[in-house]
Structure formats: structure tokens, C-alpha cells
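Below, in C-alpha cells: the form predicted on its own, a single chain.
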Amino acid sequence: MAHITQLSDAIRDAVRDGDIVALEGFTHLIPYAAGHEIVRQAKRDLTVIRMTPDVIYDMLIGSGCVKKIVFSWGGNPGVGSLHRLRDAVEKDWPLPIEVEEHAHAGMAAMYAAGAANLPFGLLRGYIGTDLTKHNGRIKFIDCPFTGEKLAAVPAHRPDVTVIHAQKADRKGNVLMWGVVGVQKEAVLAAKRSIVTVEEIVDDLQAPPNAVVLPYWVVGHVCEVKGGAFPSYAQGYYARNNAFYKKWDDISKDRESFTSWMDKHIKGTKDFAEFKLSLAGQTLGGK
């Protein structure tokens, strides 16, 4: 049953040290505000899941929150590497990190299986790839009907899933539209969930075939305007490409990364103050 609350309270209640955490969003509606709050509250020993981990996961890893990452592509989209992820993998800074890599289709099948309360997902894939040499959690089974060889991957069952959406109503029903990845499945697969939204309204005015998460599958709903920045929220604001480009310079060096995080995230009380701290910089904050 959904509780409308402040983001800091939701993170404090739902995200616990040692949890498996999914912060999902596919180029769009990425839950940056919630990721920042995880850093502020210094959550530790997290296993983080994401189809496409980008800058927010770089922040979490570089801040020492993460012990393992389960993913299917990692990078600063349109720019290059995630330098804090690379530093953790290659040089154990700030902590060693375990890596479990999948294909996009495999990750989607894992979320779908978790959402359906099934033990594993099936797909035609992985055959002939090197991923099977490095990931022992990818198995193969024979179809009992056709004899076809299929890949089997364990269901994702996060302790907590965090997503961003456009709207929620006052009961906690959540509406999202635009580029939608596996957010719905990730919420349904999780034990607990947090949804940040651009606004809480009296009536969702949901069009047919929109993605609506009913209040009884949502844990916490938090209004955080601009909470997907620097990614975008269709109907509200565009992607801030300058931020992604600037992040490459900020994150290359440990000292510049730490200094930036201390000033703009750890040194701010919430996401609104974070955006104000960027005022006047070329990477923008609005």
C-alpha cells in the first residue's frame, strides 16, 4: 500500500545496508534524486541491478555504496566510460566490486520472471557468446516440447526497486509514459519499492494503454520535481547533454570526483538544493 512521504524518509525506511537494489530507467525517467539520497545516507554493501547503469551508478560506486553490480551495459551514454566503475573493477577503488554481466534480453527476462513470481526466465540467446564463460548464472535447458536449446537466467527479486515517473495521484497510483523500459516489471519483482514523481495530482487522467502502477504494488511515493535530471522526463523537461559531457571530466580523477560529490551531493540536503548548487555552471541545473 503506497505511502506518500519525503524522499529522505523513504530511502531511510526502504533501503538497507546489504540490500539488492534496482534503480531502473532506460535513458528516460532515471531516478537520480533517489540515487543521490542513497549516497547522502551512506548506504553500504549494496548489490545494484540495472539494464543500463550510467552516471548515477558511477556516483554510487565511487561513493563506496556498492559491493556488486548486475548489469547489461555500462557507460556514460554518448560520451564514454564510467570512470568510477572502471576504477573499482581495475584497481579496487574505493572498494573491490563484483561484476555480473548479462545481455539486455537476459536482464529483461530476469525482471519478467521476478514480476511473475517464477524462479527463472527463458530466452533464445547467449549461445555462442563469451558471456557464458564468465557468468555461471547463465544456464541452458532443453525445451520439453520441441527439444530446442534455450538459455535460462535466474529471476531478479530486488529487495527494493526505485523508479521515477511523471505523476502519481493522492492514493499512490503511478502513471508513466514515453520511453519505458522494465520499470513496471522491476517494481512488481521487488519486496519494496520507491517511486519518485514530478507531481502528485488529484486525477491522473491516464490515457488508454498508459503504464499505471496501482497503489497496492507501490511502497513509497515521493514528489521530487526534476528528480530524473540530468536524464529527461517526457512532457516535463529535456535531457541535459551538457551534464553527461561534463561528468566525464569530473569523474576521471578520484580527487575531482570526491570534491564534486562532497560539494554538490553530500553537502546538500536534498535534490532541490543539489540543483541550486549547480546554478551558473555550464552543465546546468534547471
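Remember, it's a predicted structure, so these values are computed and weren't measured experimentally. Counting begins at 1, following the sequence as shown.
The same protein also has a form predicted in complex with a further copy of the same chain, omitted here; what follows describes it.
Using a 4.5 angstroms heavy atom cutoff to a further copy of the same chain in the predicted complex, none of Arg192, Glu255 and Ser277 count as contacting. Interface membership of Leu150, defined by any non-hydrogen atom within 4.5 Å of a further copy of the same chain in the predicted complex, is confirmed. For Lys139, a non-hydrogen atom is located within 4.5 Å of a further copy of the same chain in the predicted complex, even though that partner is not displayed. Put simply, Leu123 is close to a further copy of the same chain in the predicted complex: some heavy atom of it is within 4.5 Å.
In the predicted complex, a further copy of the same chain lies farther than 4.5 Å from every heavy atom of Ile200.
Contacts of stretch 101 to 119 with a further copy of the same chain in the predicted complex, defined by any heavy atom lying within 4.5 Å, are made by Asn117, Leu118, Pro119, listed in sequence order.
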